[in-house]
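Just one chain follows, in the form predicted on its own, and it is written as structure tokens.
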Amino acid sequence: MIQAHCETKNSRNFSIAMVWINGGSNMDVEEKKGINQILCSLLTRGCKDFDNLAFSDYVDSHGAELNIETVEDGMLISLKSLDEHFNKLLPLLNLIINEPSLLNKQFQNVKESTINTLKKDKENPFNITFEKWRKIVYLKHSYAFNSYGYEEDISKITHNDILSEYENFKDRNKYLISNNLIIQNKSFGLINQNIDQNKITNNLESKNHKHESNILDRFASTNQKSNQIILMIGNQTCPLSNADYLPLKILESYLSYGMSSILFKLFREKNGLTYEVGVYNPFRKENSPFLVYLSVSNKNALLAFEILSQLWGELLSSLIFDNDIYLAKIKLKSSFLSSNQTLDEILQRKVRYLGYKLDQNYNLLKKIEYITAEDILNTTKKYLSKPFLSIYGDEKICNEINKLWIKNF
């Protein structure tokens, strides 16, 4: 079901329409990982009345932007143009969703392009380390897999598989949001499919999928001759809708926002140890990942891990000082406010909220003040007391870190 919502229009001379489709790579079936990424890419490669070149020319000739992306929980389609052209371009959303061409020739092109992208990703040690991390953290859950899929799976996907997946795609709930008032009067009718809510698949229902593991199962290592060691440590946590989400965001701010953050102070300012250091904590419909990542030279790797271990222990046993909490909240508020300065970010967040069944005006800023140091400590204990570690680099050093991992965790 497509549900349309309109944002109050400001003094802008351009309009944006975004469609969120429930069901992205979490709908990929075994041995066909990446099928929804391919389907998503095919939607803009021709539709009724337009072949792929005519479609691109029509969008470009109006100076418009049309972007489409597949993530774990869904697909996002974004159309942006000057107001004077918006009425002409808006029907494209209906066409690519309801009447795409999905030609075999274009499928083969997308398939080849996807495989090439995956080959490039294999050359990035951060991607390799993260792939190992999420596989041991999420096990067989859909978040364990790359949204782009895997070469061996992509090579098996056929054109008929895509056509079959599109039949599934048609029954997924869809949500439309825009800053243009025309949406209220016109576009809802253009792409409304009147889908029965009961047809939504159970795969999209939020559930607790944490699993109990011993310390050996919570460790993954990729041995490679390299001058750097990459470490990623953390766990899955909670959905955006959970009350624990904000304490974790404040913790993220305390750890990684700016040069006053604890990670910067420990690893860059005081010890000059790391090339890169930060926290990865995107929001998800189900249990979001929370991980700290480091990149250090081989000679500094053991010291860096010892410092990280000590910090982790302190986070699990001690309250963060009030002054640090106050600063972390200020930085988090600033981050939220900054994300509200561009219309693209505002609409993208709100349309995902709609897909997640949250109030699109869900206000996190009002709730931040009520979070205490005790809340953060309890949340940290709840989710991060048994972290998972993935490392990449020289085999000898990785083995030494493994010993420290067993000793410290």
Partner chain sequence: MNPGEVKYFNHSSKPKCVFVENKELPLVCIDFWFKAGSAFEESDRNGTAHFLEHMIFKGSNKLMPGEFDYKIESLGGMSNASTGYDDAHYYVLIPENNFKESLALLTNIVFAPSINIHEFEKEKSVVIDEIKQQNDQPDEKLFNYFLSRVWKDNKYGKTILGTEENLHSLKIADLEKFHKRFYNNNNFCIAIAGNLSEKTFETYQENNFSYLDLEKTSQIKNNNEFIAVSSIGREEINFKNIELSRIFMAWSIPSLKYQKINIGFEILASILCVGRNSRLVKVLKEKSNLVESIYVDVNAGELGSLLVIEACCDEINLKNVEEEINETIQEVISCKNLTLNEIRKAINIVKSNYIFNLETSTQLTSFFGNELLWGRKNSLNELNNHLEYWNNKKNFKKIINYLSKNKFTLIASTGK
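Please read these numbers as outputs of a predicted model, since none were measured by experiment. Numbering follows the first chain given and starts at 1.
Heads up, the form predicted in complex with its partner chain isn't pictured, but that's what we're talking about next.
Shown alone here, residue 218 lies farther than 4.5 Å from its partner chain in the predicted bound form, counting heavy atoms only. For residue 150, no non-hydrogen atom is located within 4.5 Å of its partner chain in the predicted bound form, even though that partner is not displayed.
When its partner chain is considered in the predicted bound form, residue 313 lies well away from it, no heavy atom lying within 4.5 Å.
Residue contact check for residue 268: one or more of its heavy atoms lie within 4.5 Å of its partner chain in the predicted bound form. Only one segment in the set 167-175, 231-239, 76-84, 282-290 has any non-hydrogen atom within 4.5 angstroms of its partner chain in the predicted bound form, and it is 76-84. For the options 274, 180, 129, 101, the one in contact with its partner chain in the predicted bound form, meaning a heavy atom within 4.5 Å, is 274.
Think of it this way: in the predicted bound form, its partner chain has a heavy atom of just one of 222, 109, 309, 142 within 4.5 Å, and the residue is 109. Relative to its partner chain in the predicted bound form, residues 44, 56 and 123 are all within 4.5 Å by at least one heavy atom.
In the predicted bound form, no residue of 383-409 lies within 4.5 Å of its partner chain by any heavy atom.
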